[in-house]
Ligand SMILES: CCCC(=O)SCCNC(=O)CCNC(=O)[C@H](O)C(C)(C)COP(=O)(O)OP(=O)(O)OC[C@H]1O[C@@H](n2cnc3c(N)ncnc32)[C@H](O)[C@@H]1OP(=O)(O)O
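Read the single chain below, which is given as structure tokens and is the form predicted on its own.
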Amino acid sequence: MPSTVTEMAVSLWKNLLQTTKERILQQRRMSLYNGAHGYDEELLKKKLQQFVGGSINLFKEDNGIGILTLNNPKLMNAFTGTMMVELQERVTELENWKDGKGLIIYGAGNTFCSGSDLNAVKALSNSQDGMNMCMFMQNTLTRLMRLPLISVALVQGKAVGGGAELTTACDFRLMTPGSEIRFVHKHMGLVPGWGGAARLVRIVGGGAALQLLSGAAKVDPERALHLGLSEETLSSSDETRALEEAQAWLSQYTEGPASVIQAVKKVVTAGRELPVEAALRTEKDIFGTVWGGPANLQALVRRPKHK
């Protein structure tokens, strides 16, 4: 039996934390689509893995910031089939990163992403394959958006088509001088299919989203700032320096214990996605995972709330 009130609080906190963590993680991993929607994920993954090239690399730093690199520079980091599958694998890895606090996504070769590799697109041009790819990427990017990490898309060079959609799955976007975000889907006879339209509306509003999609216009850093699509224009276009700047920008929001940073992201996700009653209940549950937890108890010992 715990011998002190503090030990009892910590014991209660650990039990509540585990139960709530399991339930929230299960909700976060829930697929938007399943067999009832005609979606066969395993069959699609086998097809996607026929289209090889590039990679999705993940480096997890000791400070709790992960660096996810889109690595297919010869095709401006276009997503091959194997890269789509690897992205899902990296998201799963990030969901299980207990010490994670932040994530930066950027492209190798000083450009972000040019969307889908056209070789895969042409080979999957029949309606059912196209719909399955749409559902697969929507599932993956929704899980990415719901990660309990504060995420940033570092936009260098071009983020076009599916690359533009990927930026909207991050919490924030930082742009380098001369970079652009462009939803070019109209010119391909399409609309966004990776969830980019729905997310764009939530970021910039319906009117601006309609303009960006119907006009297929280039959004430079200045306009992105005006629209609220970007948080800041970095000073350098150099790949290494821009990444350092992005890490410094993100670090101001990731200071503190991982449990607290993750809890902050979870309550914001709940407030953004759920009806208010459900968001309040979820906030209560997440509050219970940190109340009386190590960070809370240490803060109470370290200093009073009011000075």
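A residue's number is simply how far along the shown sequence it sits, counting from 1. Since we're looking at a predicted model, the values are computed, not measured.
Although not depicted, the form predicted in complex with the named molecule is the subject of the following passage.
>> If the cut-off is 4.5 angstroms on heavy atoms, which of these, 212, 135, 76, 197, is the one near the named molecule in the predicted complex?
In response: Spelling it out, the residue with a heavy atom inside the cut-off is 76.
> What is the one choice in 168, 116, 140, 176 with a heavy atom within 4.5 Å of the named molecule in the predicted complex?
Replying inline: In short, 116.
>> Within 4.5 Å of the named molecule in the predicted complex - does that hold for a heavy atom of every one of 184, 188 and 193?
In response: Result yes, every residue of the spot touches the named molecule.
> Any idea which of 87 to 95, 160 to 168, 101 to 109, 199 to 207 reaches within 4.5 Å of the named molecule in the predicted complex, heavy atoms considered?
Replying inline: In the other structure, the partner sits against 160 to 168.
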